[in-house]
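Only one chain is included here, represented as C-alpha cells and corresponding to the form predicted alone.
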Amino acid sequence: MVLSEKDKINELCQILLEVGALLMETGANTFRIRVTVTRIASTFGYRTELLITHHALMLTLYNEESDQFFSRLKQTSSHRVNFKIVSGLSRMSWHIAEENWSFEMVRKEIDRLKAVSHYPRIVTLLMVALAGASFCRLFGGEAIEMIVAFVATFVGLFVRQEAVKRDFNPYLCIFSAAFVSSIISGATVYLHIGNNPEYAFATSVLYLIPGIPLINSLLDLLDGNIINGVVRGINGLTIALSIALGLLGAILIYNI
C-alpha cells in the first residue's frame, strides 16, 4: 500500500519516537539517541529537530521538497538497562540506511527487539551474586566472607526484583535491597565470623552501584547536553544516597 505524504510522515514520526524512547529507557546516552534517530530520518528524506529530556522526547520532522512537517511528544517509561536493545536499535539504523528498509520492516525489527527474552531470573541472581563474591575476593576476603557476600547479594537482589515487580518507588527498591544485603553481611561483623567480615559487608551492596547513570551523566556533560547530564547525575547520586541509607540502617542496628 502506498502511503500519502501525510501518512508517511506520521508513521515515521511514531517509529522515531518509539526508537528514541526505547534507547532512553534502556541506557543509551543522549548523543547516541540523537544520532540514531537522525540517521533513520535522513534515510527517509527528512530533517529532524529533537528535544530529549529524561522523561520525554519531542520530535519535529521536516521535508524540504514537500514542505511537510510534523511534531509529536512522547513520554518515556521507567528506565532499565538493556544493552541488547541499545545495540540492536543501533544496528537496525545502519541496516535502514544501507538497505533502504520499509516502514513495515522497521516495525517488525522493533517488535522483535522488544520481544527478546531476558536471562532467566535464577541465572541473573546467581551471576550477580557470584560477581559480589568475586568483588569480596578482590578486596581480600576469604572463603567465609565470599560465601556471605554471595548470599547477601543474592537475597538483596531478589528483594529488589520483588519490590520492582510491585511498582515501589525505584529509590525505595534500592534502599530495601541495600538494607537487606547489609543486614545479612553485617551480622558476620557483629558476630565476628571470619577473619575479615568487614570485606563482605563492604562488597555486599556493590551490585547496586549506579554505574550506567553516572557514566551517561558524564558523557552527556562532555557532549554539551547539560540538562540531561545534570538530571542523570542527580539520579545517580540519589541512588548512591539510597544505598548509603540502607548501609546506615544496618550499622545503627548492629552498632558497628
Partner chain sequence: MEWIHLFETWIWLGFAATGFAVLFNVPPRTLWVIFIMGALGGTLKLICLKLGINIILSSFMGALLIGFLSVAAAHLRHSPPFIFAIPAVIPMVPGAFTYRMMLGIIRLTGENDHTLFLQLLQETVDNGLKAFFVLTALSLGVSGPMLLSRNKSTKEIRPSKFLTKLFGSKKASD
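A quick note: this is a predicted structure, and the numbers were derived from the prediction, not measured. Positions refer to the first chain, counted from 1.
The form predicted in complex with the partner chain is left out here; the points below concern that form.
- Contact check for R47, M105 and V231: none of the three has a heavy atom within 4.5 Å of the partner chain in the predicted complex.
- Think of it this way: in the predicted complex, the partner chain has a heavy atom of just one of V155, C173, V86, I183 within 4.5 Å, and the residue is V86.
- Of the candidate stretches 188-196, 62-70, 201-209, 49-57, only 201-209 contains residues with a heavy atom within 4.5 Å of the partner chain in the predicted complex.
- Contact check for W94: a heavy atom falls within 4.5 Å of the partner chain in the predicted complex.
- For the chain shown alone, H118 is a contact residue for the partner chain in the predicted complex, at least one non-hydrogen atom being within 4.5 angstroms.
- E98 belongs to the set of residues with a heavy atom inside 4.5 Å of the partner chain in the predicted complex.
- In the predicted complex, S90 approaches the partner chain with a heavy atom inside 4.5 Å.
- Contacts between 33-48 and the partner chain, taken as any heavy atom within 4.5 Å in the predicted complex, involve V35, R39.
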